[in-house]
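As structure tokens, one chain now follows by itself in the form predicted on its own.
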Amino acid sequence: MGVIKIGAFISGGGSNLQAVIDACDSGQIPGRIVFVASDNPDAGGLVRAEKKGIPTFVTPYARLISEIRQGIGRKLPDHVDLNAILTKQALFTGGAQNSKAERFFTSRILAEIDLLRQMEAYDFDLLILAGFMRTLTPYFIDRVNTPKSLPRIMNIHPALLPAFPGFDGYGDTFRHGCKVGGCTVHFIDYGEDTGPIIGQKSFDILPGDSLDDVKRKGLELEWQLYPQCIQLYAEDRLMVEENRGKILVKIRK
């Protein structure tokens, strides 16, 4: 594949972003980050990117969501088929008749239209979610996953999927009294953390460990795992195949 061009979405401090930047700088990943985007104008990860001379931009999700809730938001453009998107999505039941789902996807798609508009300035091979705390809709996913042999959106999750999807993976792991925690890198699909798994790392949760201990152990593994999985993508060693209706990721030697 040669030198891979990476786009990144963040919401917070960007420690995983920094791990990927460092892996690119060291040559572990044969690639470079070409843009960093955020839903949060105060995200610390934007500062990390700007210090490296990486272009950044922000899409104001919070404002768009607030406008929709107040009934003053913009309408979706004519080219967006909301019913088709509601049929594809796997986050809500009830499809097009679910008013909550309609509001949710309307606000997210409006934000995604802005993201996609700003992304047009950059040529990228892979989009990584590095602590991006927003759900991507089928509208966005289908426009990034243009017909290729591999999906193009990768995420890191703070739990050993399929256990504990959602926002607070380490917290859920800790509160359930698990003896083992971990992190997972996976491709994005239409569900919540349900996409095909690329790699995982685990750690022991010892008697006396606090939630902070669990988060610390997990983050240390995330900073190793994410660059490793991106490296596999850059080296064209990942392939997807279907097995009994389920999409799996295989790693070439």
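Start at 1 and count along the sequence shown; that's the residue number. Only a predicted model underlies this, so the values are computations on that prediction, with no experimental measurement involved.
One more form of this protein, predicted in complex with a small molecule, exists but is not displayed; see below.
Asks: At the 4.5 Å heavy atom threshold, is Phe174 in contact with the small molecule in the predicted complex?
Replies: Because no heavy atom of Phe174 falls inside 4.5 Å of the small molecule in the predicted complex, the answer is no.
Asks: Determine whether any heavy atom of His157 comes within 4.5 Å of a heavy atom of the small molecule in the predicted complex, and answer yes or no.
Replies: Heavy-atom contact with the small molecule at 4.5 Å: present for His157.
Asks: Is there any non-hydrogen atom of Leu219 lying within 4.5 Å of the small molecule in the predicted complex?
Replies: Leu219: contacts the small molecule in the predicted complex.
Asks: Even though the partner isn't displayed, in the predicted complex is Leu91 close enough to the small molecule, meaning a heavy atom within 4.5 Å?
Replies: Leu91 lies outside the contact set for the small molecule.
Asks: Name the single residue among Met133, Cys178, Ala84, Leu116 that comes within 4.5 Å of the small molecule in the predicted complex, judging by heavy atoms.
Replies: Comparing distances to the small molecule in the predicted complex, the residue within 4.5 Å is Met133.
Asks: Thinking of the small molecule in the predicted complex, which stretch from 241-249, 20-28, 228-236, 7-15 has heavy atoms inside 4.5 Å of it?
Replies: Residues of 7-15 come within 4.5 Å of the partner.
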